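Here's a solo chain for you in structure tokens, the form predicted alone.
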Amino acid sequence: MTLWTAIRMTIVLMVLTGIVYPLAMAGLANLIFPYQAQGSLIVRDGRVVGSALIGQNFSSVRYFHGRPSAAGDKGYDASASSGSNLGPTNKTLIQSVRQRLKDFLEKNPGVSASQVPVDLVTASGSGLDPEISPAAAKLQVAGVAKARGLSEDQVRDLVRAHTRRRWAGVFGEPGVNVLELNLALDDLSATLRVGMKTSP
């Protein structure tokens, strides 16, 4: 009798917690927060270009660069989300940070090593961080503006517009979503090109 009761309870709990509850939560999330429930996907011209929650690798000098990634062989692999698990005294980590710093300084002349925020040379724990600090974004303004033929003020305004503030003014740290900022850059460049073509 006790065994049969245990089996029935196990089956009921499996159905409730393994089927009913997940389906109810997924349905409720899609109803109340459809954008977030579908992965916070960003669509341009009818095509998904990425997610606001997952970083991407931008290598062109025309774009802001995100935080380095240790997820997968090429980075930003959501199926291999992880950090490097290397300690602060690990030689491989130290060499990687030095190389990233060297690469950044070569692409951003006039910037000193002491100005570079740590998030531009170290990977996050997930390897998928979509944001950089406002300081990291501001440091790239001059290089991106020059590569695109824009004024630094125009690019700085975009950074300011895409900076996420602390929640309720207290919790968390400000951040700049790199994908959203780079898409805004493309939109601005396209608008200026159209304006130049239509001007007399």
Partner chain sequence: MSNGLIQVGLFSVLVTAVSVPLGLYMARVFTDRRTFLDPILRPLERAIYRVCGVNPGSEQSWVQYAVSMLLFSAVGMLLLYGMERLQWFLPLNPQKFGGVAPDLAFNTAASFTTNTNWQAYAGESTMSYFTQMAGLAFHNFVSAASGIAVAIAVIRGLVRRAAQTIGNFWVDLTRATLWVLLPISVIGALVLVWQGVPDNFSAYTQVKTVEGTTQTIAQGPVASQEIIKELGTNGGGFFNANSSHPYENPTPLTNLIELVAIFAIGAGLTHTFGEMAGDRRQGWALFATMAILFLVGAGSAIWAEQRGNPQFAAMGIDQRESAGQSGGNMEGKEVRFGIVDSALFATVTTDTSCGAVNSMHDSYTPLGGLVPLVNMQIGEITFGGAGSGLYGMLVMAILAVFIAGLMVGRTPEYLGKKIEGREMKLAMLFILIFPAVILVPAGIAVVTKAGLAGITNPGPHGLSQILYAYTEASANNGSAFAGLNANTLFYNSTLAVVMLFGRFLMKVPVLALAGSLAVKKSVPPSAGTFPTDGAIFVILLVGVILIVAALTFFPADALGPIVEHLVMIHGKLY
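Residue numbers count along the first chain shown, from 1. None of these values were measured; they are calculated from a predicted model.
Here the subject shifts to the form predicted together with the partner chain, a form of this protein not shown in this document.
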For this session: Tell me, yes or no, whether L188 is in contact with the partner chain in the predicted complex, where a contact means a heavy atom of each within 4.5 Å.
Result: no
Exercise. With a 4.5 Å heavy atom cut-off, would you call A26 a contact of the partner chain in the predicted complex?
Worked result: yes
Exercise. Using heavy atoms and a 4.5 Å limit, would one call S133 a contact residue for the partner chain in the predicted complex?
Worked result: yes
Problem set entry | Contact of R166 with the partner chain in the predicted complex (heavy atom, 4.5 Å) | yes
Exercise. For the stretch 33 to 57, which residues lie within 4.5 Å of the partner chain in the predicted complex by non-hydrogen atom distance?
Worked result: F33, Q36, A37, Q38, G39, S40, L41, R47, V48, V49, G50, S51, L53, I54, G55, Q56, N57
